[in-house]
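Next comes just one chain, in structure tokens: the form predicted alone.
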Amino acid sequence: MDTKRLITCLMEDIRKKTASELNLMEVCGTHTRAFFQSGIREMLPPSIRLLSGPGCPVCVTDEACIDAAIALLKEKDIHLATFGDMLRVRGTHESLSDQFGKRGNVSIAYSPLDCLALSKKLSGRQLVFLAVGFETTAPSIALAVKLAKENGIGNLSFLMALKRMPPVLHHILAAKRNRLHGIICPGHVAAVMGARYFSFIAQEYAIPAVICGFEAMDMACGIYMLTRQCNGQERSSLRNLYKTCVGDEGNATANKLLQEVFEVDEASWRGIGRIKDSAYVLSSRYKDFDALNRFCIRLSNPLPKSGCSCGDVIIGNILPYECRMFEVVCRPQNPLGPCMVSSEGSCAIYFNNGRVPMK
């Protein structure tokens, strides 16, 4: 049986055996985009509703962090580098791209390791890397920090905005408004941290979870496994369907590096608030490379002014088109919130693939 026919059979079985409404969250923005592009989303029965999750690092970086980056650019003789999607995300009043237009001292980095070479080119000027991401990018950032220390690079520091996935999932699943019946875990994070990293979902909340890849067959199997558990055909558990990339314990080298360079602390998530133990910050051994400490910059506590509902989108309370700003005034050309900026942002994905509601 070919792949297309097998997927069709899986969808037919799901349709026959799923009577009640099921809310399934795909945590990762890559999965959100893949569900659209593969056609799987349109093949699902009306009873299954796919909700976006907090797996876009750009989307959850709060205004205070961007304000701090802009303050560094304004107040110090500093060059700032970060990933491309971060440039257009607004802080309280403006974005990094606005500063680039005024000063030209902002660069796109394709890898944090690029900053090691860039710091040498900048000579006596200071370089700050805005370190955004989850456990997926955290090891490469940790390696850049470690190499900067080992090579005595004195003009490079890091504005830390790294987040950890389990605490925000705890936050969502423990909330009174939680209406999720199953979780599609972020495959890239699982590849680094291991399948057991997400075992708490089923163990503590009795909600089935699955780790799957990003091809159509992978995702169809993932939803099939979730619906079987939701329908009572199997007990709630974590199923790893991505064993070619995800082991039980994850990447030992990457995890050792994370433990050496970082420690865990509280973090503010855009549109959500502060969540305990949800950030990676530099450990005491590497504190000299913390940009906030080096330049005595304090994080503010700004009030969001955009009027968009990104916070509700990224915790699955609403779908992007249910935000009153979606398409009306918030578009990729003029984004109000980060979910319309990033290529992994739910609002941008819905906008670019058509805003047709789930059937």
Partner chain sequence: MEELIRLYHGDGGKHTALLIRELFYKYFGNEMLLQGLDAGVFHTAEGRLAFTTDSFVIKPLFFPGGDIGKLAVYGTTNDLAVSGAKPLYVSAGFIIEEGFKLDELERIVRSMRVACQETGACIITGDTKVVEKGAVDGIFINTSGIGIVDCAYCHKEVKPGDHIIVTGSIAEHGAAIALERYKIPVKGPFSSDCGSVYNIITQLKPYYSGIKLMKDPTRGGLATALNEISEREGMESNICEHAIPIRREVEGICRLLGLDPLYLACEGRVILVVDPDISSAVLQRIKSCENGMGACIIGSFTGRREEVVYLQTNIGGKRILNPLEGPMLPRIC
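Numbering follows the first chain given and starts at 1. Since we're looking at a predicted model, the values are computed, not measured.
There is another form of this protein, the form predicted together with the partner chain, and it is not shown here; the text below is about that form.
- When the partner chain is considered in the predicted bound form, residue 49 lies well away from it, no heavy atom lying within 4.5 Å.
- Put simply, residue 195 is far from the partner chain in the predicted bound form: not one heavy atom of it is within 4.5 Å.
- Contact annotation: residue 300 falls outside 4.5 Å of the partner chain in the predicted bound form, judged by heavy atom distances.
- Taking the partner from the other structure, the partner chain in the predicted bound form has no heavy atom within 4.5 Å of any heavy atom of residue 53.
- Proximity to the partner chain in the predicted bound form, defined as a heavy atom within 4.5 Å, singles out one entry of 69, 308, 58, 291, which is 58.
- Proximity to the partner chain in the predicted bound form, defined as a heavy atom within 4.5 Å, holds among 238, 132, 221, 279 only for 132.
- Stretch-level contact analysis of 196-204, 258-266, 172-180, 212-220 against the partner chain in the predicted bound form, using heavy atoms and a 4.5 Å limit, identifies 212-220.
- Along 22-54, these residues reach a heavy atom to within 4.5 Å of the partner chain in the predicted bound form: 30, 33, 36, 37, 38, 39, 40, 42, 43.
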